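Just one chain follows, in the form predicted alone, and it is written as structure tokens.
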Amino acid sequence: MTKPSFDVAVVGAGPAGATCAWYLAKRGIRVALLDKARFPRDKFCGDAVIPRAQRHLRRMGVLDQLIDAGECLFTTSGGFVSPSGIECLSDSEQNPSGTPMSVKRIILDERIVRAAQSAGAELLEEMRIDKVTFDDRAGTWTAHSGNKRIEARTLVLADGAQSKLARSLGIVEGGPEAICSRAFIEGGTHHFETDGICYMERELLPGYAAIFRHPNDELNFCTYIIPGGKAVPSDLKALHHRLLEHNPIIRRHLGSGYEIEPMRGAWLRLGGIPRSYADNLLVIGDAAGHIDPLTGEGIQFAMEGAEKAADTLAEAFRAGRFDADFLSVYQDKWHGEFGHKFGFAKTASRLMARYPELVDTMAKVANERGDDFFFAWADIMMGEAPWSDFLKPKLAVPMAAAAARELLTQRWSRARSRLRSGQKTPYDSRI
């Protein structure tokens, strides 16, 4: 039997695919890294890279490259604005868990790809894969790109949120349900004073808008629409522009006369898929839904899942087994590392959409309690601490008390407003 050209073919050279290729190549596994574009190429997202992802970049040598070249900016100040306009800002430089950093994806993705190449992966650019076929007798996959063929023992699909290939194989079902926008604001044309702020606009919840500072004073303005609230993906363009034009806090933070590029958008698949493996095949990154259903953040999970996929394939080559039963351990690995948190995140997102007062409560308590409380909350949101930490007395007690006060205050305030305007209250309808 003829030996295939590669042990592994990875389709998609974003952070998930390129990271997987790096970990595989470092183990001496022959890996082809395929991408439809030629690098450098852009990707539309929020550009925030949290500490969990930075650890992988450090191992690859990419983090030092970004810092030395001045291509990233660590977020040392910022916070969020609650639905009722409460600004909660902090100096996050003192957070012992680390801080997010901003880096343009056109830069980040190429840096990771070049690291994979240096480790021994073979990069094949401008390879738009039309279909993939499996030879049961030979136990090999073939990736088809026009007249070109790439044959490998195993296949890793990292083909993005739309996941055309995984959907064609019946592994991924349905399209992505979340979406985000991106537009860069030219440095020196705005008045933004911090490094990053999330705007928890009531009509967007559980989604949000955000501004992240890049080197050279450039800003990324993005809007996330996440399932569970009133906003739907078709609202993206209108909400993106409405926030810039009419949100008073965003207008104050940016000032007037700033220069901003046209909005672009990208789909997001959230919460993990129920089966990310098949015979001789794994699905990783956005294609596998490795994105937090509450925050929309995914680079850290893409890279962690990519490492788990590489570990699983290395074990498969040692054992000489590539069947679905053997590769199913990959599902267990990523679910145990981060996927088990997605269920709680979905519940939290629905609660935020239904009770915006909870977000106001977080802002008020964080302002009252200071940096220690803010850092504890931020660590949970960044994935540095488990969601169960919300149940610890340090967070749970002040949050519960403040939430009860806030809920009663805001509901009573709205009831009084309706009475003054002559509208029926919920209690009137019971009379």
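All values derive from a computational prediction rather than experimental measurement. Start at 1 with the first residue shown and count on from there.
FYI, the form predicted together with a small molecule isn't displayed, but the following is about it.
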item: is_contact(Cys45, the small molecule) in the model of the complex, heavy atom dist at most 4.5 Å; value: yes
item: Heavy atom of Gly272 within 4.5 Å of the small molecule in the model of the complex; value: no
item: Partner contact for Ser181 in the model of the complex: the small molecule, 4.5 angstroms, heavy atom; value: yes
item: Partner proximity in the model of the complex: Lys148 to the small molecule, non-hydrogen atom cutoff 4.5 Å; value: no
item: Whether Gly14, Asp35 and Ile299 all lie within 4.5 angstroms of the small molecule in the model of the complex by heavy atom; value: yes
item: The single option of Arg369, Arg41, Arg27, Arg58 touching the small molecule in the model of the complex, heavy atom within 4.5 Å; value: Arg41
item: Listed residue (Ile185, Ala316, Ile129, Leu73) with a non-hydrogen atom within 4.5 angstroms of the small molecule in the model of the complex; value: Ile129
item: Which of 308-316, 352-360, 331-339, 158-166 lines the interface with the small molecule in the model of the complex (heavy atom within 4.5 Å); value: 158-166
